[in-house]
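Just one chain follows, in the form predicted alone, and it is written as structure tokens.
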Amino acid sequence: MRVIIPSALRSYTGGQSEIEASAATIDELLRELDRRYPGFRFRIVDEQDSIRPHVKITINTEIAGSLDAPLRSDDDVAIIMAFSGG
């Protein structure tokens, strides 16, 4: 599957904007990406194992509601982070 990385997380992936990966769920995907890019998962998942409020993950064009959302090998997964500031 193709994983689209937001610019805010590209420092973890060596500047890569897209990564190929395989996993059965969003949780497995994030754990795999964290093995490859240490610290990656913590930027997306909080201490209660929930997707952080400012992060959305889409599978193709649908927002994934939880870490248990299933994945297929031909899916496009996009990680979207909200910008904030004052």
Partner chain sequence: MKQTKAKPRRAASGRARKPGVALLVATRKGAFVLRSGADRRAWKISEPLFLGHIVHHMVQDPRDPRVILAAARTGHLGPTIFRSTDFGKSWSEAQKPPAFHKAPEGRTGRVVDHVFWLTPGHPSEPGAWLAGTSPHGLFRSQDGGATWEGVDGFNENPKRPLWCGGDPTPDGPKLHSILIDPRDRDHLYLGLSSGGVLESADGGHDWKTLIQGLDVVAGFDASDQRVHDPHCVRLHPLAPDRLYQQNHCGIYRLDRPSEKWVRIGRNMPKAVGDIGFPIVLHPRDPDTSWVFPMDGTEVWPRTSPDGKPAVYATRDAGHSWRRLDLGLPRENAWFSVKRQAMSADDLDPVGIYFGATHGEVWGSRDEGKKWACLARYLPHIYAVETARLPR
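What you see is a predicted model; the values in this text were computed from it and never measured. Residue numbers count along the first chain shown, from 1.
The form predicted together with the partner chain exists for this protein as well; it is not shown, and the discussion that follows is about that form.
Contact check for Ala21: no non-hydrogen atom falls within 4.5 Å of the partner chain in the predicted bound form. In the predicted bound form, the partner chain sits within 4.5 Å of a heavy atom of Ala82. By the criterion of a heavy atom within 4.5 Å, Ile4 is excluded from the residues contacting the partner chain in the predicted bound form. Put simply, His54 is close to the partner chain in the predicted bound form: some heavy atom of it is within 4.5 Å. Scanning 29-50 for heavy atoms within 4.5 Å of the partner chain in the predicted bound form gives Gly39, Phe42, Arg43, Ile44, Asp46, Glu47, Gln48, Asp49 in sequence order.
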